[in-house]
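One chain comes next, on its own, written as structure tokens: the form predicted alone.
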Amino acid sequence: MSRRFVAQRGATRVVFAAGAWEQVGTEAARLGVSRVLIVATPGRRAAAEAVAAALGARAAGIAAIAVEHVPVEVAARARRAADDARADAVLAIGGGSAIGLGKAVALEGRARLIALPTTYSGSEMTSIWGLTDGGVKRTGRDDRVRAQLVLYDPRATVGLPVGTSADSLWNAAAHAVEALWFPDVDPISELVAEEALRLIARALPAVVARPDDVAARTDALEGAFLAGATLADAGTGLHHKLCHVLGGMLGLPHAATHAALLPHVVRFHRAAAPRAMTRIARALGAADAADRLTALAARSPRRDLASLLGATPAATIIERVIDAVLAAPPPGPRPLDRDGLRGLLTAALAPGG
């Protein structure tokens, strides 16, 4: 039997089912919105047009302009489009880039956010926004960017390329992992994060081996939903800080950076977060969390940090990243210092790291 549920999580209504996207018109009416601006990446324009057709008279335009890391100039274009359309809702169809752009519109109080995720970014479940300006990515929290409606349709993720799927699942895994070592994490968040990680770890090899397996895609999407929800309740730490710094500074792909760094950040925190490591290992069915993640990474179609950096001088980048992290250190189980961070990034940059 396929997985189906409807849940109200705070202000967010969640509909999870194969075929959930077919309900977009009914759900938009239920939400009470009348003019919906659809945002997407240029590559998702056809999907955006299909959603606009399903919305009928409620569709107020399409802005297929989303790009990664939400540059402030793109956010400004989307806000103008929302104003011109007199939109009371912005519907993001896609992954973190589109949902991030939808959040940039919602952050101004112009419209409520609706999300139709096509990846495992989990951004649709959080109040976290991010904008990039001049090579610096700023993030924050605001309840205005919480999605009012999320439609999860596992069938919509089947066409996601294997490499993109794997990177996106590492992104989701990072949400669950960081929630587990967040200071004063509550017992419910721990349980949800562990279940999210179990589903993601089960789904990852299956999705890589059989990209059209809807059951595996269902596990992956449910795991991403749970991971995003627990991240929203807990918060982000060193791992996300590193990914945001590298993304804003160098434009590195967000999900791929998660995939490159997560095993190294877990190893960095291993001695300082024994309770989290026990839960991570249990979710992975392993004796040691860091070793299991390293082994899983070796079998994943992922790029290491060195390949992501390309010709960029690594030594210079390491020091710039460390400076940015130490300027505003995130919470976590271990005090941060220059030597420790240098060791983490050096290990990540090693061949096959």
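The shown structure was predicted, so the numbers you read here are calculated from the model rather than taken from an experiment. All residue numbers are counted from 1 along the displayed sequence.
Form predicted together with nicotinamide-adenine-dinucleotide (NAD): not shown, discussed below.
Using a 4.5 Å heavy atom cut-off, which stretch among 79-87, 195-203, 116-124, 264-272 contacts nicotinamide-adenine-dinucleotide (NAD) in the predicted bound form?
That would be stretch 116-124.
Would 96, 161 and 255 all count as contacting nicotinamide-adenine-dinucleotide (NAD) in the predicted bound form, using a 4.5 Å heavy atom cut-off?
Contact check passed for all of 96, 161 and 255.
nicotinamide-adenine-dinucleotide (NAD): the contacting residue among 249, 156, 208, 281 in the predicted bound form [heavy atom, 4.5 Å]:
Of the listed residues, the single hit is 156.
Considering nicotinamide-adenine-dinucleotide (NAD) in the predicted bound form, which of 107, 277, 128, 74 comes within 4.5 Å of it through any heavy atom?
By the 4.5 Å heavy-atom cutoff, the listed residue in contact is 128.
Determine whether any heavy atom of residue 303 comes within 4.5 Å of a heavy atom of nicotinamide-adenine-dinucleotide (NAD) in the predicted bound form, and answer yes or no.
Because no heavy atom of residue 303 falls inside 4.5 Å of nicotinamide-adenine-dinucleotide (NAD) in the predicted bound form, the answer is no.
Might residue 27 be said to contact nicotinamide-adenine-dinucleotide (NAD) in the predicted bound form, defining contact as any heavy atom within 4.5 Å?
No, no contact at 4.5 Å.
4.5 Å heavy atom contact, residue 171 to nicotinamide-adenine-dinucleotide (NAD) in the predicted bound form
Residue-level check for residue 171: yes, a contact with nicotinamide-adenine-dinucleotide (NAD).
Answer for residue 220 alone: is it within 4.5 Å of nicotinamide-adenine-dinucleotide (NAD) in the predicted bound form, judged on heavy atom distances?
Taking the distances in the predicted bound form, the answer for residue 220 is no, it never comes within 4.5 Å of nicotinamide-adenine-dinucleotide (NAD).
Can you tell me which bits of 19-54 touch nicotinamide-adenine-dinucleotide (NAD) in the predicted bound form, meaning any heavy atom within 4.5 Å?
Heavy-atom contacts to nicotinamide-adenine-dinucleotide (NAD) in the predicted bound form: 41, 44.
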